[in-house]
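Quick heads-up: it's one chain on its own, the form predicted alone, in structure tokens.
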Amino acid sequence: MLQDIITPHKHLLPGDAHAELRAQLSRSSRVTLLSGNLTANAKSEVSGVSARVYKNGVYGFSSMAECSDDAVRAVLKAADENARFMDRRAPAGKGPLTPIADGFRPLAADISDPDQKLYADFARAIDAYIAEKYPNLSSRAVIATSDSMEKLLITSDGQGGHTISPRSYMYVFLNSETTSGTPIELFEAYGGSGTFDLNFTDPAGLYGEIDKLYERLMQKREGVYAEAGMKTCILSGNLTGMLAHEAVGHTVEADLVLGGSVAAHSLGKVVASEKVSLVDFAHTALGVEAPLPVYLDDEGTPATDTEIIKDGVLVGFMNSRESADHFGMKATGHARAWSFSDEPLIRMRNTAVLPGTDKLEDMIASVDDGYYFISTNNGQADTTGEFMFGVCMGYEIKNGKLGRALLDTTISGVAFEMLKTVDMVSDQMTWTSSGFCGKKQPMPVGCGGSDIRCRVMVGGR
């Protein structure tokens, strides 16, 4: 656990400006087996302190890769000098930030730091199972990984606290060929919030999931290409989650709104079907813990849920304290930094399309000629909401029944137009949390959603 070297220096925070002082310890572990061969075995630990000072609309920031009293004093002094220099040379004249109340979070429980051998042994057990049961694969890869961020924070208005955010996963990649010799691959990530030793206690617990992955790969081996064009499709919760994050979520991050995203002139307007509601959850989602819970951001703001779309209408943005003041909104805890040397940026937490009332089987039965897209392996979108996602697993829907598996294809469109075509939303929810958002600096995020029926452009072969 991080030693609290920042609280004793609280009296050094400037009294005439907003200031944040943060100490951070980031850990990661990774073991990779490629067809049984150990190709990566890495463990890292990075720590340091940083300070940020806000003065009339400008910031000064400083960091140091050292957790010591001298480092704390040095970064506070440098950040304060930087802010005052910027205020003299490029004054913004915005005045102070709105104070935040009740943002202090008590000391979090410590977490374990498992030995690297645990990762290797678990990965070898999974790999041995695959090699023995499915020897016809052209190749396989198994990755055991974890990362965590531990932060101590105090602010000049008395907010802050201690947070620890661990997560851990097993990635399994299976590779084969179609009957015509075209390489195909499917992968799945298992795990979520928590340390590796708590999430993975018995390799046999994953065997059934790996069997399902292999079964889909064999179906894909006999798969066909989708027909290109605008189609009636059902997107699984995995794809809906990616859409919520990439094509909607980024457009409503307030810094990108100020930069001219499509959402800049859409607040209060219809941007989706009335069946679509979208929320960025903080730490609790629909009565249970969110995939990657966030209780306090790196500006000392308590994390609370943010409604983005309500019954098809765009109702909110994701904000920092500064942007919340600009838009006249409430700060809800979106400013987060990846490393001690990074400044907080507006980031998503757990962004999802809310469940509806439809049953998936009824949604499939309602489609005469279309597709059910299940898994994605990549995607991109821009601030116009235009997106293109790769689809690595899906099925034909013919006369209301699932048909042949599909080979890799793409879907594309403009989010706020495509979402207006949604006419059915399932009552089940799917979450993913194994990836990183890459907005200037990495950040663990969760995204999810329900199956939706919509019209979308399919890329075909």
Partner chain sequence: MHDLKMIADKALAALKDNGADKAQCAVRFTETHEFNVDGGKFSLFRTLFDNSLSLTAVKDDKKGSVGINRLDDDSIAAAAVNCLAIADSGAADPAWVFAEKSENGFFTAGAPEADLDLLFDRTEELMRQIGEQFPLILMEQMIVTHKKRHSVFKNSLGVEYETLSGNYEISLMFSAHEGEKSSSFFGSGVITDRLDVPFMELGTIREDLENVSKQLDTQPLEGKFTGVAVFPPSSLGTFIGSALGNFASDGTLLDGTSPWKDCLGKVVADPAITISATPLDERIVCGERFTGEGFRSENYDIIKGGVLESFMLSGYVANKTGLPRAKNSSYAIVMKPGETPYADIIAGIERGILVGRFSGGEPGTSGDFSGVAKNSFLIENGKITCALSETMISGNLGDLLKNVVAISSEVVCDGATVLPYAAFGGVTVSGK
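Residue numbers count along the first chain shown, from 1. Source: prediction; values computed, not measured.
The next section is about a form of this same protein that is not shown, the form predicted in complex with the partner chain.
Trainee: Give a yes/no on whether E66 approaches the partner chain to within 4.5 Å in the model of the complex, heavy atoms considered.
Mentor: Although the partner chain is absent here, E66 would touch it in the model of the complex, with heavy atoms inside 4.5 Å.
Trainee: Is K440 close to the partner chain in the model of the complex, meaning a heavy atom pair under 4.5 Å apart or at it?
Mentor: It does: once the partner chain is placed as it appears in the model of the complex, K440 has a heavy atom within 4.5 Å of it.
Trainee: Counting only non-hydrogen atoms and a 4.5 angstroms cut-off, does A101 reach the partner chain in the model of the complex?
Mentor: No - in the model of the complex, heavy atoms of A101 and the partner chain never come within 4.5 Å of each other.
Trainee: My question is simply whether S434 lines the interface with the partner chain in the model of the complex - judged by any non-hydrogen atom within 4.5 Å.
Mentor: No, S434 is distant from the partner.
Trainee: Let me know the one among F327, F85, Y207, F187 whose heavy atoms come within 4.5 Å of the partner chain in the model of the complex, would you?
Mentor: Filtering the options by heavy-atom distance leaves F85.
Trainee: Check each of E307, D197, E274, E386 and return the one that places a heavy atom within 4.5 angstroms of the partner chain in the model of the complex.
Mentor: Comparing distances to the partner chain in the model of the complex, the residue within 4.5 Å is E386.
Trainee: Please identify, from 163-171, 290-298, 177-185, 313-321, the stretch that has a heavy atom within 4.5 Å of the partner chain in the model of the complex.
Mentor: Residues of 177-185 come within 4.5 Å of the partner.
Trainee: May I ask you to list the residues of 30-66 that have any heavy atom within 4.5 angstroms of the partner chain in the model of the complex, in sequence order?
Mentor: Residues within 4.5 Å: L34, S35, N37, L38, T39, N41, A42, K43, S44, E45, V46, S47, V58, Y59, G60, F61, S62, S63, M64, A65, E66.
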